[in-house]
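Take a look at this one chain, the form predicted on its own, written out in structure tokens.
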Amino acid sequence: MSECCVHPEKTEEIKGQLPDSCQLFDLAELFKMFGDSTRIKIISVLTHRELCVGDIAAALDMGQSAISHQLRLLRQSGLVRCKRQGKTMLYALADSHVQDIYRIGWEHITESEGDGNA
């Protein structure tokens, strides 16, 4: 049986660099928003252009009610923004970071498909 060793100087250095628990909780909550396939589909659609609920629903072959519910969660999480254009609300990704997270995740899963490790 191997012994577990601890290097106190290394662990103390790392502890001093860790974000606080609240920040880590917020980060986990952010990633939870990416953990639902409907929300990922909405984010995917919105990487192309801003759209109204009806257009998003039609593009995804889903009901407007289901899309509206997920958009509300995405807005509350700061991942999606909306603006009024006449009587229509248009939805878009909140900023380039959201698109970057989506793109990097996509690149990660598709690169593993090409090397046989999927």
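Start at 1 and count along the sequence shown; that's the residue number. Heads up, when I say rigid core I mean the largest set of C-alphas that superpose within 1.5 Å between the two forms. This structure is a prediction, so every number in the text was calculated from the model and none was measured.
If you look for the form predicted together with another copy of the chain, you will not find it shown, but the lines that follow are about it.
Contact check for residue 68: no non-hydrogen atom falls within 4.5 Å of another copy of the chain in the model of the complex.
Another copy of the chain in the model of the complex comes within 4.5 Å of a heavy atom belonging to residue 37.
Residue 79 belongs to the set of residues with a heavy atom inside 4.5 Å of another copy of the chain in the model of the complex.
In the model of the complex, at least one heavy atom of residue 48 sits within 4.5 Å of a heavy atom of another copy of the chain. Heavy atoms closer than or equal to 4.5 Å to another copy of the chain in the model of the complex belong, across 39-75, to the residues 40, 41, 44, 45, 48, 49, 51, 52, 54, 55, 58, 59, 60, 61, 64, ordered by sequence position. After superposition on the rigid core, the Cα of residue 96 moves by less than 2 Å between this form and the one not shown.
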